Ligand SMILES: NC(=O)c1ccc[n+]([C@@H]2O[C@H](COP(=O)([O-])OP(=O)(O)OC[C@H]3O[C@@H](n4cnc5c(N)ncnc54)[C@H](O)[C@@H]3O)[C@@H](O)[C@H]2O)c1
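This document starts with one chain, in the form predicted alone, laid out as structure tokens.
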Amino acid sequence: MQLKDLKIIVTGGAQGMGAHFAQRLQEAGAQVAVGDVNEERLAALPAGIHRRKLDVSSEADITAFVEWAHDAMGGLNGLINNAGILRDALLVKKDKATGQVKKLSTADWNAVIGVNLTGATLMVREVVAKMVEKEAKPGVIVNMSSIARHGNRGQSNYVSAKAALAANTVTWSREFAPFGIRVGSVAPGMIETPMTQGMNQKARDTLVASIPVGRIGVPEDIWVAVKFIIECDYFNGRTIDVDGGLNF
């Protein structure tokens, strides 16, 4: 697909990688509809980008947003499934000083699964249903997974969601092929975003030092992979790791 032919939704697009993707798409001539819970950041996006509040943990919000985006752009043929949150904690932890046993809270488990997996899945369902209804093809879905999908200490919830997205990229590519819709996934490593900027500095420095290319990634690095998936009509059902060679 050509970028200029896209009428595409970007979730979690008010800041970080999502905002970068939206800007790059607009520069290439695509029509872009951005959804995010952060209305202040949404308002700061460049003129010409459609924007509306979207909470992907709400099925009603997702359904309404997809309908709105389709109407606002006069069609719909793409999705970048980017919205995500972190609620990191060990599944079980014992305090060395007190001996107290702490557990990952069910609330933190449900919050991450609700946004990163259930919300992402419902976005795909609603976008593809709309595309099939309107016979819009070709179409493309890009899921944002993570290299953490291979397993990472303190991220049981996040790992579960991102591993499932990578696996369902294969599932959905097979299910949607009859409709002319491809599905790909990008798995970023350590990327400079508001999410990673909130990390503990010592842990961040240690992680960056372990990246073979010698630096943290930037959103443009991930955009190159997203752009490839969109433009390469022979790419389908696979996940691209973009992590500087980092091995968890």
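Don't overthink the numbering: it's just position in the shown sequence, from 1. Because the structure is predicted, anything quoted here is derived from the model rather than measured.
Quick note: we don't show the form predicted together with this ligand, though the next part is all about it.
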Answer for G139 alone: is it within 4.5 Å of this ligand in the predicted bound form, judged on heavy atom distances? no
Even though this ligand is not shown here, does A83 get within 4.5 Å of it in the predicted bound form, heavy atoms only? yes
Is A14 a contact residue for this ligand in the predicted bound form, using a 4.5 Å heavy atom cut-off? yes
4.5 Å heavy atom contact, T193 to this ligand in the predicted bound form: yes
Just one of N157, S146, N77, T169 has a heavy atom within 4.5 angstroms of this ligand in the predicted bound form, so which one? S146
Could you spot which one of V183, A33, V56, V66 gets a heavy atom to within 4.5 Å of this ligand in the predicted bound form? V56
If contact means any heavy atom within 4.5 Å, which of 66 to 74, 25 to 33, 185 to 193, 43 to 51 contacts this ligand in the predicted bound form? 185 to 193
Using the arrangement in the predicted bound form, list in sequence order the residues of 36 to 53 with any heavy atom within 4.5 angstroms of this ligand. D36, V37, N38
